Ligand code: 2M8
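Shown here is one chain on its own, the form predicted alone, set out as structure tokens.
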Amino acid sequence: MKENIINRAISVLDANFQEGGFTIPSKGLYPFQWKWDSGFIAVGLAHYNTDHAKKEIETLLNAQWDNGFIPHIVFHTDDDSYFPGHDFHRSDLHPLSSKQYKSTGMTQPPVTGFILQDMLNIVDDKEDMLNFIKGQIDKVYDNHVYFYENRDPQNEGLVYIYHNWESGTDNSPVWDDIWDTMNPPEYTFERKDTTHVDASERPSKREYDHYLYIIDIAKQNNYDDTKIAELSPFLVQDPLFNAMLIKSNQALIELYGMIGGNDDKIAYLRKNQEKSIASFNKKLWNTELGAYVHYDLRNEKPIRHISSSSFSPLFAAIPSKERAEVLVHTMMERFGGDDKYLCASFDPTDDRFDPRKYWRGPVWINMNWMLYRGLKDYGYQEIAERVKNDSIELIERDGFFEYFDCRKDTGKETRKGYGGDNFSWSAALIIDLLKD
């Protein structure tokens, strides 16, 4: 069984690898290169095709802007099957954007630092991979500097996202409270995603109006971070995004230590790391809920809902052992019933929970991969194994889908896999889980 799944996963990744040196997430639905997708994909590739793994990261970092920013989508090809495309995003409006690559003007969780470290840990030829890392690590460092210098207006070590797409958890119910503060115009556009998957599994048209409106505000200000911080109706300190930054900070500190000769960069990272972790635990922890929550920086208030992002700090070693115990208890109490697979992307006890709709409830393999490792690190081996086994069971039965229904009994429905099929990070990360 194990080898069969790995071989099938390899077939998915090989089929999705493009001539330009990057892997698309899923044919038809996602025809370009996505930032955090590429990171997770590189982990799977490193197990069997080191050249492709290195190329995946190199291609992504080649599209970095002159200010250290890495966009969330790089449009390597002209393909009108996806909306909104490069002609809507207009990355060229920013004076420091890449002149070679068209992209969006938003980013995604900064996973690349810990991905480089994972690649080094996975491959047999450590010297070759370390040489590759030496050639790329400064770009990742520059990305971290960009965040701390441009996305932390209160100088507290917590960076903001200005669009829900930057979170990676696109239509999470967490954002509903922010949508209630907005009334964007109704846009006229042709949805492309719903030609590939059932519309009931995707964000609504009205949600897209909000998404496009935020982009328009950023475009009107040439993607200037200071103006965005001042004007964007969406300005959030996201626990997942900041946990990924903290995890990658630690990876860069350790990698630079191996390379040597980068004391100033290590000192910068350590200074910000200390501040980030302290602020994260002080500001994003909600004692009443027993979980980390998002903080609405625009309206200066916490967003009191629990999602799978609430548990991502385990992966980044952010909570104390005592707080981790509270967090895991919250997860098992709300998300861990015997009738459910771990881990739903949103609180199943919340009225906003929807087990079939994108980030409003389904299980995502990338979140489970991080949760598995975090639980193991804190000594919760039995729960970690359940997360791993649940992930394998879903893929074994339904295939390499983008996301999965967390309910074990879905009535008449036999399929639990939704969204894009032959989805790259589901394939890549199940390889890594099975080889652990």
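Note that residue numbering begins at 1 and tracks the sequence as displayed. What you are looking at is a predicted structure, and each value in this text was computed from that prediction instead of being measured.
Quick note: we don't show the form predicted together with the named molecule, though the next part is all about it.
Exercise. Within 4.5 Å of the named molecule in the predicted bound form, do we find a heavy atom from each of Tyr162, Pro239 and Ser309?
Worked result: No residue of the spot touches the named molecule in the predicted bound form.
Exercise. Are any of the heavy atoms in Phe423 no more than 4.5 Å from a heavy atom of the named molecule in the predicted bound form?
Worked result: Flag for Phe423 set to yes.
Problem set entry | Trp179, heavy atom within 4.5 angstroms of the named molecule in the predicted bound form | It does not: once the named molecule is placed as it appears in the predicted bound form, Trp179 has no heavy atom within 4.5 Å of it.
For this session: Tell me, yes or no, whether Tyr82 is in contact with the named molecule in the predicted bound form, where a contact means a heavy atom of each within 4.5 Å.
Result: Contact check for Tyr82: yes, within 4.5 Å of the named molecule in the predicted bound form.
For this session: Classify Trp364 as contacting or not contacting the named molecule in the predicted bound form by the rule of any non-hydrogen atom within 4.5 angstroms, answering yes or no.
Result: Trp364: yes, in contact with the named molecule in the predicted bound form.
Problem set entry | Proximity to the named molecule in the predicted bound form (heavy atom, within 4.5 Å), stretch among 356-364, 273-281, 91-99, 133-141 | Selected stretch: 356-364.
For this session: Go through Trp65, Tyr378, Trp369, Tyr30 and name the one with a heavy atom inside 4.5 Å of the named molecule in the predicted bound form.
Result: It is Tyr30 that has a heavy atom within 4.5 Å of the partner.
Problem set entry | Contact assignment for the named molecule in the predicted bound form, among His76, Arg334, Arg202, His86, heavy atom within 4.5 Å | Only one listed residue qualifies here, and that residue is Arg202.
For this session: Just give me the residues of 12-47, first to last, that have a heavy atom within 4.5 Å of the named molecule in the predicted bound form.
Result: Heavy-atom contacts within 4.5 Å come from Pro25, Tyr30, Trp34, Trp36, Asp37.
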